[in-house]
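For reference, the chain that follows is the form predicted on its own, supplied as structure tokens.
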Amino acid sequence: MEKPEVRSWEGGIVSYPSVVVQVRSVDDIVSILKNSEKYPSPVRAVGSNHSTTRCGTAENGTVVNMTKMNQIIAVGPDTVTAGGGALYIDVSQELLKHDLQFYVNVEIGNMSMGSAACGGTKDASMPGEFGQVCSYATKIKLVTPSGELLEVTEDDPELLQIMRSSYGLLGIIYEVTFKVKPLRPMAVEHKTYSLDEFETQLPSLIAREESLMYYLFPHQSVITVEFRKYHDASGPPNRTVWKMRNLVWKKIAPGFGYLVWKFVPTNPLRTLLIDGFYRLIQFLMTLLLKSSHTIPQDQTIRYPDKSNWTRYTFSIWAFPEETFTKVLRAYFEFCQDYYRKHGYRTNVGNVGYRIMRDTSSLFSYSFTGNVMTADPVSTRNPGWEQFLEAYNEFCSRHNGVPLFNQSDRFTREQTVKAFGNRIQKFQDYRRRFDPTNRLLNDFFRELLD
């Protein structure tokens, strides 16, 4: 029989499992994991499939679709509990009804709650808070590879730390509980800096004690910083600012980049159009995207269930904050040099985030200190994969740390350099939980074993 084809949301990651099965209950998951003849290994659970790596693939194995286990089970004064297949944006909107919010409001709202609890995410840290969603997971319920039920809580901090970065390798998560907090007004504004200005002013920007997310324009040597902060405010919130920003990020920017690379025949003209477009974007962001009172949930974007021609993909590496200005200058030079040599540049842009030190998960990319990221974004225009391989080499050479679900095409050698002896610690747990490699796919076998 012909095997089913499974694609990532943006279509670039393709795999051919033997079985794809939709689950609706814990009993369904138990039955799958206990029946290796009907449901062959590796078994990988997926939600909306927005990961940009092969972390969720199950060649010749079993893909477990979690999207029907999407109940919002309970909303308490400082926690929310939901099924592993619930979408982050749906839970976030339910919290809004209770005047509550997540600590971390990521852009990709289609992330499933199970993935949020055990995988890597990115968002600029608010003052005094973490920037990774899994750091606020306090209770994780899962089915182990042998088909047994397990609940992991803050009573076992070491196992919870492991579970928060387990990427489904220790079991299939079916229910999670996250810390939440009272809803607060949030101010936002954007300012644009030259590379020289940013390098000089970064210490003072950090001293503002605000969240720093930024848009990088390597071919113009320009950075636009998005500042966010919580504060007291009264009156109705501005619900338009984030809608405008999200419209650009969700449709306009990737759509424009796609059309330019599809219909414009020469690189010089493409460059002229792309650079002109982003100069306009920089101007409009600083002019229009600012308000003293917005709602944090409005940052999160709901993408269509199936992607279209405005889809995009990305990659992310994090660098020590203390060396970031040097890395950023080198990264701009790398992008410019790569374009001169190979005629390739990303057609959507680059972004980045400042994330506070966080040891809440074992594979946290800010485990050893504060980090800042440099993340290329593309519609997968021709040359993207080759660019990523060179980008990964650059990042590893500059002591960067990748994410297993959002940094495509990095190698075993780069994994070892980034995570060191944390790999062995995780492997000890993984082998104890899964001695028969029921959940281990080729992607993780290559990087971890």
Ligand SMILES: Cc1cc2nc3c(=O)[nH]c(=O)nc-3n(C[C@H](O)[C@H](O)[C@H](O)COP(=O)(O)OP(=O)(O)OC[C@H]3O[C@@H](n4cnc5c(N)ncnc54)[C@H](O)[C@@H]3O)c2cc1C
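Bear in mind the structure is a predicted one, so any value in this text is a computation, not a measurement. Quick note: we count residues from 1 along the sequence shown, nothing fancier.
The discussion below concerns the form predicted together with this ligand, not included here.
Residue-level contacts in the predicted bound form: of H190, R354, K122, R164, one residue has a heavy atom within 4.5 Å of this ligand, and it is K122. Of the residues L388, V401, C55, I32, just one reaches this ligand in the predicted bound form with a heavy atom at 4.5 Å or closer; this is C55.
This ligand in the predicted bound form is approached by E107, whose closest heavy atom lies within 4.5 angstroms of it.
Taking the partner from the other structure, this ligand in the predicted bound form has a heavy atom within 4.5 Å of a heavy atom of W9. In the predicted bound form, this ligand lies farther than 4.5 Å from every heavy atom of P42. Within 4.5 Å of any heavy atom of this ligand in the predicted bound form lies no heavy atom of Q414. Only one listed stretch (335-343, 309-317, 202-210, 180-188) carries heavy atoms within 4.5 Å of this ligand in the predicted bound form, and that stretch is 309-317. The candidate site formed by G47, G114 and I172 is fully in contact with this ligand in the predicted bound form, as each residue has a non-hydrogen atom within 4.5 angstroms of it. Contact residues in stretch 381-415 (any heavy atom within 4.5 Å of this ligand, taken in the predicted bound form) are N405, Q406.
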